[in-house]
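To begin, one chain is listed below as structure tokens, in the form predicted on its own.
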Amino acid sequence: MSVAELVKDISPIRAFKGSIQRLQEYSIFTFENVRSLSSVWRYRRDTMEQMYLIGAQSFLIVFLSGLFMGIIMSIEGGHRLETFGAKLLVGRTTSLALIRELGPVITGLMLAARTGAKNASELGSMQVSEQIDALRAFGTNPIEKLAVPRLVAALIMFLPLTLVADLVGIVGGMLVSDLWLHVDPSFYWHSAVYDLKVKDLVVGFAKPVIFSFFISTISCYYGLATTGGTVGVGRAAVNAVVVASVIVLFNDFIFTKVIWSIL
């Protein structure tokens, strides 16, 4: 066997071992985050700052995403239902799609891109410039100072942002159905709100909490594990966004399939 063939045989094994090692490191990092949640009051100013950066500055992109999703769902669903003479149900289909699936998932993907890149690039820059080592030298735990405030801020702010996307999408769908489909707003609103069940709300409002936890921990992990200078910072930001987005979709599938069956 030649050297090239030997390297080709070994490289997948190394990649697999590297993935297992990263998963182990991420599990330990997540455990440290959960164990350090009690320190959030000590760094409450950092938490409030992150709540503003993650929540308030993400309002516009979430608002527009929810608005266009509601408009698209209302147009597509309305035209399909109109062929069966059931366009009065457009409110129900729009609200169910937004609250159970599109609202949490679109918000999660938008925030995985924005918040994930932000956390990974900020912490990655601090890591390569040795600011993390300086914090440790002064006796400050980087997880308590940097990761936990971002985690708590995400847990607090993702749900209100998802509610904004849901509400704006439903209202946008109502305006479109009134102007283009000629559905009375009262019929639309009655169909959108009064046909919802408790488990629809439970599933739709629990997803942002799960998404926020993984988005924050994954992006902070990649940021604190950055190596390789400025190139490594860019690589960490890309990896954080990609992995967080995939995990959002995977958790959406698991949550919808398993939890929906239980409820």
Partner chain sequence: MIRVEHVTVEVEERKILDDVSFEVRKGETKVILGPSGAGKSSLLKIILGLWKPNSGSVSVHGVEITHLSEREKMPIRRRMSMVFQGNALFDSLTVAENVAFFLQEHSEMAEEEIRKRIEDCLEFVNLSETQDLLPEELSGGMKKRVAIARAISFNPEIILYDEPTTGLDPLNAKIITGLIIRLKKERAVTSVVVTHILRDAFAVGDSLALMSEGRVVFDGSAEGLLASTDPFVEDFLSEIREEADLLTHQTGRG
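As the structure is a prediction and not an experimental result, all values here were calculated from the model. Residue numbers count along the first chain shown, from 1.
Keep in mind the form predicted together with its partner chain is missing from the figure; the text below concerns it.
- With the partner omitted here, the stretch from 196 to 204, 42 to 50, 230 to 238, 58 to 66 that lies within 4.5 Å of its partner chain by heavy atoms in the predicted complex is 42 to 50.
- At a distance threshold of 4.5 angstroms between non-hydrogen atoms, Leu179 is out of contact with its partner chain in the predicted complex.
- In the predicted complex, its partner chain lies within 4.5 Å of some heavy atom of Phe138.
- With a 4.5 Å cutoff on heavy atoms, Asp184 does not count as touching its partner chain in the predicted complex; it lies far away.
- The shortest heavy atom separation between Glu144 and its partner chain in the predicted complex is within 4.5 Å.
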